[in-house]
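What follows is a single chain, given as structure tokens, in the form predicted on its own.
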């Protein structure tokens, strides 16, 4: 069964402007050593999808640096492999037509040439704001068995979610046939929303894109999907795996803290035959100096810990000075923390510097954020 993957790298940049001002949503660091794109990429590779296009918009230099040739995902191939698809603008475009895409459907318009050149029977679409470890091959097999045109992977909204305001509610009958798609209303529980993982027949997608483009349609669900519910075979598939939605800086922080729970962490990183791949770096082991203390934390290699660390996610190359106490925080790569510093509920972006004696504290619902390269 032949499948090509398409990953949207920028669609949800506005969800975390603090972390996406200089990078794509796809390249936001997560879980000590990963980037958000590692999850959809690994899901596809683990499911046998070896031809993947990554649709970019802007700020994708860090994404290029992270993916490289794709060898860390076994995607450095002559046939297939991974391809970055930059935003397409004709050299003769002018006026409003020269603007970059703003919606999922407009992004697909820009890569129609890539889709049309593919020979694969099915296309798997995926975003980068959802963290899960899912077997896509089973969904594709189910899609083929049903002879479906579209299969939308859904998840149930839980009561602890408060910031998923732009989801798409998927309604369906007792045979999993989708009957309606609508905008999610905040505070509504017990419904299923799209994970934005979609399996779709390639020829059906091309035909639908041409028709939608001819009619000036711009929304993937409200236009392309909703208008074809009665004349196409569109099904829903419920995601039973652990799923975390990154919809704000607060949810990024809370989901990072959940990784400190072994039962949650195992559902992402310790699934048999479904590892999460990332760019490998040969860094020296972390040094824990005499007198340091570390409790319930995930710490990457290449760090120097001289103080106290509790309930933290710490990325590569971070230095924690003597007499410093860091609790309930996420410290991104190469953060430098001086001596006698106190941090609680803090997120630091890369290369942040916190000088000696500083006391900074946020709250679990509103973490204190320090931008990239900032000195405090």
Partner chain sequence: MFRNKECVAMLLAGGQGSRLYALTEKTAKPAVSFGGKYRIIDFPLSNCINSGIDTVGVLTQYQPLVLNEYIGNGLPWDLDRAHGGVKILPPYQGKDGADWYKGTANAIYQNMAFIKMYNPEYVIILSGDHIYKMDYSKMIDYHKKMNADCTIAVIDVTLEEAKRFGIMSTDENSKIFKFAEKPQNPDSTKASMGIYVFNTECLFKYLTMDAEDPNSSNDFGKNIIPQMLSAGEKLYAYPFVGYWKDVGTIDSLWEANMDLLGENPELSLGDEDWRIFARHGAQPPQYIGKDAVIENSSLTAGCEIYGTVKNCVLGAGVKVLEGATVCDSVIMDNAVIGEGSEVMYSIIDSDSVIGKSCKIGAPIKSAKGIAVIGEDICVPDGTVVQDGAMISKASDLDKEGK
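Positions refer to the first chain, counted from 1. Keep in mind that what you see is a predicted model, and the values were worked out from it rather than measured.
Only in words, not in the display: the form predicted together with the partner chain, which the text now covers.
Shown alone here, residue 292 lies within 4.5 Å of the partner chain in the model of the complex, counting heavy atoms only. A residue is said to contact a partner when one of its heavy atoms sits within 4.5 Å of a partner heavy atom; residue 242 fails this definition for the partner chain in the model of the complex, lying far away.
Using a 4.5 angstroms limit between non-hydrogen atoms, residue 115 is distant from the partner chain in the model of the complex. In the model of the complex, no heavy atom of residue 133 sits within 4.5 Å of the partner chain.
Remark: of stretches 26 to 34, 341 to 349, 325 to 333, 60 to 68, the one touching the partner chain in the model of the complex is 26 to 34 (heavy atom within 4.5 Å). Proximity to the partner chain in the model of the complex holds for none of 105, 110 and 137, with the criterion being a heavy atom within 4.5 Å. Put simply, of 275, 87, 213, 80 only one has a heavy atom within 4.5 Å of the partner chain in the model of the complex, and it is 275. For the candidate set 120, 142, 176, 301, a heavy atom within 4.5 Å of the partner chain in the model of the complex is found for exactly one residue, namely 301.
Annotation for 240 to 269: interface residues with the partner chain in the model of the complex are 260, 265, 269 [heavy atom within 4.5 Å].
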